[in-house]
Every structure is written in C-alpha cells, then in structure tokens.
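Below you will find one chain, with nothing else, as structure tokens; this is the form predicted on its own, and questions on how it binds or moves follow later.
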Amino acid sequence: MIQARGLRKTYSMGRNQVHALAGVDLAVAAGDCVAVMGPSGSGKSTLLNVIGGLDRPSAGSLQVNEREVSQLDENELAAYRRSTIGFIFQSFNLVSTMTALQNVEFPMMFANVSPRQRQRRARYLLEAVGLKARIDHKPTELSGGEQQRVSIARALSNLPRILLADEPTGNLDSHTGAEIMALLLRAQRESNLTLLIVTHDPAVAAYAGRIVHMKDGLIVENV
C-alpha cells in the first residue's frame, strides 16, 4: 500500500536548512497497523504529512497503491487526500461553529456527496463511535474524548484506504486514550484500513503490529 524510498524533506529556516526527513525507506502493506515513534524533531509528523499529501517531499519516491504521489499536481493531490487519506489529529481540528454532525458531513461536501447521503452516513458514523446522543452538540460542548470520536468519524466519512493518526491520544487521559485506540483498531479491522499512528507513548505503540523508530529524520529501528 505504501512504499517510500529515499524520502527527504528539507525546510529553510532563515539561512539554515532543516532536514526533517533524511532518506526514509518504509514499506507498509495494506491492512497493516504501524506505530511511528521517536523523540521530538525526529521527523515522525513530517513523514505522516508527506504520506498524507499535506507536504511534498524534497526528494525520493513515495508510492501509494502503486501511484507516485510525489508527482501529483495540486488538483490530483487534493483528490488523493479526499479519496485515499483520513486524518486524525492530536488537537482534533474540528470546526468550532459546526455541530458534530456537520463536522462529519463537511469532508463529504468536497467529494460531491448529496446532502441526504452525507447526513445519513454522518449519523451512522457518529452512532458507530458512540455519539448518537451528541450529534447536535458543538465541539465546546463535548469532552476531549468525545471530540476525538467526532474526528475519527470525520476521518472515515469519505471511505479512506489509509488512516493517519498524529498523537491521537496526546490530549486525553489514559482511560479515554485506551477507548480511542480500541475504537481506531476496530475501524481498521472492520474496513481493512492501513493505519499509521505517530506517538511518543509506548502504551499506544503497543497496540500496533509493527513499531518504527525514527531519529534525526531516519528510521533507525523497524520491529
């Protein structure tokens, strides 16, 4: 599903060059669950952003489902993000003025899903993550765990092939974090999704089938 070869990402910080990715090689099969660990600044989130099409690599090859993502133009990249990738963020990234239902419907608007289908699927997903009674609540009326459940439902709304989760339990207590991980793994199994999780927490990484360790923009251990 994912094949990275010699993946590099360099940022300019004034006169300095920051090598966030320094030549990453990584293969992830369809349906795998992989945790990416490493210290702050090791390149974990950059790797996730490049795979997700939020950042372009500076060099190297990134193939997703045998398609060279690094060669896509902006319109193709937007379509790739919309149809292939589901994002889950530590800070939830929900629209504060929208209800839970509207937040889950929102990505489907860009996929030209009809209003009736959007609402039906959003309701189904929110019920699936245990929020049937909270669909009309806005993010400020929800707990952190509930907001992360909304973000998971939103990430699943366009039937992605790959779920990318960047510190999905980072703002949650350990009990709620365990519930979120159980929910993510259930979604992964039921839909045969490929799941990549960036985390600093060994307890979260233990849920994955593989753990990749990064340091200084490189993968230093793959177990």
Partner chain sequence: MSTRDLLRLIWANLNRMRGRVALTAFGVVIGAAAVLVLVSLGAGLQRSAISSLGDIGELKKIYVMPSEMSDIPVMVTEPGGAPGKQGGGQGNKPRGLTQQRLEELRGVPGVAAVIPTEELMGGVEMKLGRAVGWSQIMGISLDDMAALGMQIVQGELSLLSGQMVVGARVHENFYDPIRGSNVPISNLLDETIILVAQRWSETGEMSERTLRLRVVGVLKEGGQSDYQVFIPQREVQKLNEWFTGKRIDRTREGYNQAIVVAQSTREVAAAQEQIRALGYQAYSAMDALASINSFFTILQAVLGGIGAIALLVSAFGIINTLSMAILERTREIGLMKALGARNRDVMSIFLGEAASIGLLGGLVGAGVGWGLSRLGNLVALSYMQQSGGGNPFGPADADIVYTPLWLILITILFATLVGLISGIYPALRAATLDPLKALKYE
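Because the structure is a prediction, the values reported are computed rather than measured. Residue numbers count along the first chain shown, from 1.
Omitted here: the form predicted in complex with the partner chain. The next part is about that form.
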query	finding
Contact label in the predicted complex: residue 118 to the partner chain, heavy atom within 4.5 Å	yes
Residue 78, heavy atom within 4.5 angstroms of the partner chain in the predicted complex	yes
is_contact(residue 138, the partner chain) in the predicted complex, heavy atom dist at most 4.5 Å	no
Touches the partner chain in the predicted complex: residue 133 (any heavy atom, 4.5 Å)	no
Triplet 162, 176 and 207 all within 4.5 Å of the partner chain in the predicted complex via a heavy atom	no
Segment assignment from 50-58, 194-202, 36-44, 177-185: heavy atom within 4.5 Å of the partner chain in the predicted complex	50-58
Contact set, 95-115 vs the partner chain in the predicted complex - heavy atom within 4.5 angstroms	95, 97, 98, 106, 107, 109, 110, 112, 115
